[in-house]
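As structure tokens, one chain now follows by itself in the form predicted on its own.
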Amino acid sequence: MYRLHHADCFEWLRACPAESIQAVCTDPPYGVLEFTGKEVSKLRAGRGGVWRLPPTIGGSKRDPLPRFTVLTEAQKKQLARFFGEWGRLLLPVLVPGAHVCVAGNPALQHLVQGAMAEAGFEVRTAIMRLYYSFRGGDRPKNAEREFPEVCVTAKGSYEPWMLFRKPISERTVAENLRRWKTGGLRRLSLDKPLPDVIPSGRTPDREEAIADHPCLKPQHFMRILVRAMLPLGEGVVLDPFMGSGSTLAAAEAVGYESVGVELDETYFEQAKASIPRLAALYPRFIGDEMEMEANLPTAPVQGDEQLSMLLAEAPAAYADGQGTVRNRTRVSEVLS
């Protein structure tokens, strides 16, 4: 079960009851530049702006990417203030021991962690999403031939999902689990703890066909991550920057209750349609293992039989680190 709110998450958090949420998993817009009305309009018009919109490279279509390198020092300070205020509003809404998982960028991760720590959260480890990325690795602009053996930054191959925890209220994690059902992370299984590195392919075409969002994350990764947020499998997962709803779709597939908040009307309307469709994919994969059988049939969605049939005919494809397309995601394949 999930609930959707078309609202500013800051205002929504101010009105939210205290100690009513057990976990947060979100990919925020970073509140600085890329998701302002002006830049989103450019993105939707295909004009770029702060979004990098190259057509193809080596035959591969590149997804829109925000150019974080153009942020000024003043904008970086604004970003830190954004997360500081967000963290202060979020803290009382969470039960003691609740985990908050926030997608990040390696260049900005320290700003987010510092702001959340000042807001009262414990900075925990980060979950690294390994995937084949087009970020970084470029030669100096307009001097590629002059410096052919130089790259300005390292080739991007990971995305940090930062973990924070509201301090526990009890003497031990065990006591906090008994009272609040929070304080730890859910294991994959009895003999497999949650790893801090998760190999992940790019978002499959069949998922992007459902939800047209520039930052859509794959269900394979999101179901593993969302499942881990509730250590006893009980409670509510919040995504305050819902976008097209991949977090809520993952929660629905895993069997968790969730709440989504989204300010942008277009993405909010899109989420209402995309969440049940994304959740219907891979019906036997609930994030309790690292491998996902991508050729599973799609579960039927009421009132959407034709789309379900189409999606079932197109198996999800994940690209490994060498660009090879595979229909089954394996740790050994992605890391090799």
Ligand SMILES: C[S@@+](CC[C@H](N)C(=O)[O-])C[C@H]1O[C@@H](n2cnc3c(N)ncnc32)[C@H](O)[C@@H]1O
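From a predicted model like this one, the values you see are computed outputs, not experimental measurements. So that there is no doubt, residue numbering starts at 1 and follows the sequence shown.
Heads up, the form predicted in complex with this ligand isn't pictured, but that's what we're talking about next.
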The single option of Tyr131, Phe241, Phe164, Tyr256 touching this ligand in the predicted complex, heavy atom within 4.5 Å: Phe241
Option touching this ligand, based on a heavy atom within 4.5 Å in the predicted complex, out of Arg206, His99, Arg223, His213: His213
This ligand in the predicted complex: contacting segment from 243-251, 227-235, 123-131, 185-193, heavy atom within 4.5 Å: 243-251
Output flag, Glu159, Arg202 and Tyr282 jointly within 4.5 Å of this ligand in the predicted complex, heavy atom basis: no
Non-hydrogen atom contact Ala80 with this ligand in the predicted complex at 4.5 angstroms: no
Contact of Pro276 with this ligand in the predicted complex (heavy atom, 4.5 Å): no
4.5 Å heavy atom contact, Leu263 and this ligand in the predicted complex: yes
4.5 Å heavy atom contact, Met1 and this ligand in the predicted complex: no
Stretch 149-171 - residues with a heavy atom within 4.5 Å of this ligand in the predicted complex: none
